[in-house]
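Form predicted on its own, single chain, as structure tokens, below.
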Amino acid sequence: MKWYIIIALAALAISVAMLLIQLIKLISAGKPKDLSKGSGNISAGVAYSYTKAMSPMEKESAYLHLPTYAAGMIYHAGIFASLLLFLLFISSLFEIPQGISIIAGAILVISGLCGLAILFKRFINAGLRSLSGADDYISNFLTTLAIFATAAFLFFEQAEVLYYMIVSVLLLWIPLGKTRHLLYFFFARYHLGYFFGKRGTWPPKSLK
């Protein structure tokens, strides 16, 4: 086995192990501790949190910035596609046809450009810049770089070593930086649904 693939496998194992530890801690923490008297339906609130509440029209930060929201959706789709492709590459289950590789690579380039646009906006927007820390920039940069590296590997076999090295760095960063929200996202949505569902705020009365 090639040395850079061994490094990538080690990075994947470390990343998964660290995420599993965080998952166990989250599960062990149990449900939100809320001693107030409920006035709503928790199950309905949680269901709403994972469905209609995710619509951009339900979030002020989204519907007032629809181009950024759209770019974010494309960016995240590219992230998950890149991670899936990494698992396919490293498992050697099958070889991706050249035509599909070119199309997939082109789509990933668009996704990476969306990531760059979001990063650039964070730099130039004073409000976003004031709320941003090093983690925000590192997480965006590494993820965007990994998307472009995946596209490059789909286009050129010669990019193989560079691709595996970049993805290995991202994998090691995922459980350390804000990129770990790929795990915490689901628990955060549950807690929101639990909190607002118990108070009868979610789902809105028009949807009950």
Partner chain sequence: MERNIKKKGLDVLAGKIDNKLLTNLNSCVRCGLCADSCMFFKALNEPKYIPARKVALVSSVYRRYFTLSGKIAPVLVNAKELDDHAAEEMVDLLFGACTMCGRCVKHCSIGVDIPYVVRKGREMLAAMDMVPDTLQATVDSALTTGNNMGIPEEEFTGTIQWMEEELIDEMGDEKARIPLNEMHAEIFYTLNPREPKFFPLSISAMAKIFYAANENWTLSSKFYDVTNYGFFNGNRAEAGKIAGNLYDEIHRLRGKRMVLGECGHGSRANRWDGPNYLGKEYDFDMITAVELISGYIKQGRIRLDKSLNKEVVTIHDPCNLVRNGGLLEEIRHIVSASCDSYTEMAPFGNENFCCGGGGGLLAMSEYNDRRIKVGEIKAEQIRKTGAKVVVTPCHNCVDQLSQLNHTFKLGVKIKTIAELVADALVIRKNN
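Only the largest set of C-alpha atoms that superpose within 1.5 Å between the two forms is called the rigid core. Numbering follows the first chain given and starts at 1. These numbers come from a predicted model, not from an experiment.
A second form of this protein, the form predicted in complex with its partner chain, is not displayed here; the remarks below concern that form.
> Counting only non-hydrogen atoms and a 4.5 angstroms cut-off, does residue 124 reach its partner chain in the model of the complex?
Replying inline: Outside the cut-off, so no.
>> Considering non-hydrogen atoms and a 4.5 Å limit, does its partner chain approach residue 91 in the model of the complex?
In response: Heavy-atom contact with its partner chain at 4.5 Å: absent for residue 91.
>> in the model of the complex, is there a heavy atom of its partner chain that lies within 4.5 Å of any heavy atom of residue 106, even though the partner is absent here?
In response: Residue 106 lies outside the contact set for its partner chain.
>> So in the model of the complex, is its partner chain close enough to residue 102 to count as touching (4.5 Å, heavy atoms)?
In response: No, residue 102 sits far enough from its partner chain in the model of the complex that none of its heavy atoms falls within 4.5 Å.
>> Counting any heavy atom within 4.5 Å as contact, can you tell me which stretch out of 94-102, 108-116, 81-89, 131-139 lines its partner chain in the model of the complex?
In response: The contacting stretch here is 131-139.
> Which residues in 173-192 have a heavy atom within 4.5 Å of its partner chain in the model of the complex?
Replying inline: Residues within 4.5 Å: 173, 176, 178, 180, 181, 184, 185, 187, 188, 189, 191, 192.
> Is residue 58 among the residues whose Cα moves by 2 Å or more between the shown form and the other one after superposition of the rigid core?
Replying inline: The answer is no, as the C-alpha of residue 58 shifts between the shown form and the other one by less than 2 Å after core alignment.
>> With both forms fitted on the core, check whether the Cα of residue 160 differs by 2 Å or more between the shown form and the other one.
In response: After core superposition, the C-alpha of residue 160 moves less than 2 Å between the shown form and the other one.
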